[in-house]
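Just one chain follows, in the form predicted alone, and it is written as structure tokens.
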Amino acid sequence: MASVPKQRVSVIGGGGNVGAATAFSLIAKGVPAEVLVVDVVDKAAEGQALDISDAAFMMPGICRKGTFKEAGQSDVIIVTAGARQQPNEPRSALIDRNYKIIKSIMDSLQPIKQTAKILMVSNPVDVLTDIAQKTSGLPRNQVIGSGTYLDSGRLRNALSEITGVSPTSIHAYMLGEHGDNQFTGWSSARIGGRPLLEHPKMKEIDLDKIYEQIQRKAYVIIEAKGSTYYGIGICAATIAEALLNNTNQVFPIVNYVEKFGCYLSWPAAIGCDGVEQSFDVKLDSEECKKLDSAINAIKEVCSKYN
């Protein structure tokens, strides 16, 4: 029998669509880790783990159902569990419900491995990452969120269609809050070392229309099939892979930025210690105003959960 990989990644909420897509993505990407599927609904976790394990027979990783205690001793803990916003429910009520869920999860994980990294995927991710850090007891650099990584991927896909350049060669970010207060960092966007907006095919493009397209895409998917999970699943798996393999890749993720005094979606290099460094981003005056709005909105909510 093959040996169990030395690294472990646990997916909390793995019985659901987002959690299962994340666990499957870890296996499909060939991450050499033991992937634990953990969920309060034991049967759902078992079913997803058994199904995903069938895809692992030619991969270096393995997948099985795990417990919260086992998850607490993982190298990377990915949290996809959380309450969904109900029709006409205010955002404040959703956060209150998710605060209780996240606190309960962190309590169930104790004692948490001191070198563990927590990756929050549950929404509203900026606020819940702050709550996870406070309730887990881990240092800020070891608790991050998926943030605007997926939104930035959608942006790069859209720009690729316009410019004819691979999305991986376009450096452009959605920044701020993952939600109503996110914005596009057009001033910092680059392609081939030059400002993106100087590209000939960007001259007549309606930038607001691109932004609206990115903002609406999740709603279009949800209206068509009920929920989104493949995109965020591969994003979460890619971030986890970077944490395990110490790649120091830069992602627009939720991380604590000292000069702003809060968690928000901002470019950071991540490795085996979590956030290795955060970066300054060139913004114009209008983008700075949008950044301030995002920071104020996040701080206002987070202050209620000290």
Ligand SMILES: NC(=O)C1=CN([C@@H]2O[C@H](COP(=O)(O)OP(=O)(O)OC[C@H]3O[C@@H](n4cnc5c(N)ncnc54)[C@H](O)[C@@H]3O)[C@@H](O)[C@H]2O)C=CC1
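A quick note: this is a predicted structure, and the numbers were derived from the prediction, not measured. All residue numbers refer to positions in the sequence shown, first residue = 1.
Not on display, but discussed next: the form predicted together with the ligand.
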Next on the checklist: Quick check on this chain: which one of 175, 132, 109, 121 has a heavy atom within 4.5 Å of the ligand in the model of the complex?
Outcome noted: 121
Checklist outcome for this item: Answer key: of 59, 40, 250, 281, within 4.5 Å of the ligand in the model of the complex (heavy atoms) is 40
Checklist entry - So, 12, 98 and 228: all three within 4.5 Å of the ligand in the model of the complex by heavy atoms, or not? => result yes
Checklist entry - Does the ligand come within 4.5 Å of any heavy atom of residue 17 in the model of the complex? => result yes
Checklist entry - Can you check whether residue 104 is within 4.5 Å of the ligand in the model of the complex, heavy atom basis? => result yes
Checklist entry - Just to confirm, residue 94 within 4.5 Å of the ligand in the model of the complex by heavy atoms? => result yes
Item to check | Exercise: residue 125 in contact with the ligand in the model of the complex, heavy atom 4.5 Å | outcome: yes
Next on the checklist: Given the stretches 142-150, 198-206, 109-117, 159-167, which is the single one in contact with the ligand in the model of the complex, using a heavy atom cutoff of 4.5 Å?
Outcome noted: 142-150
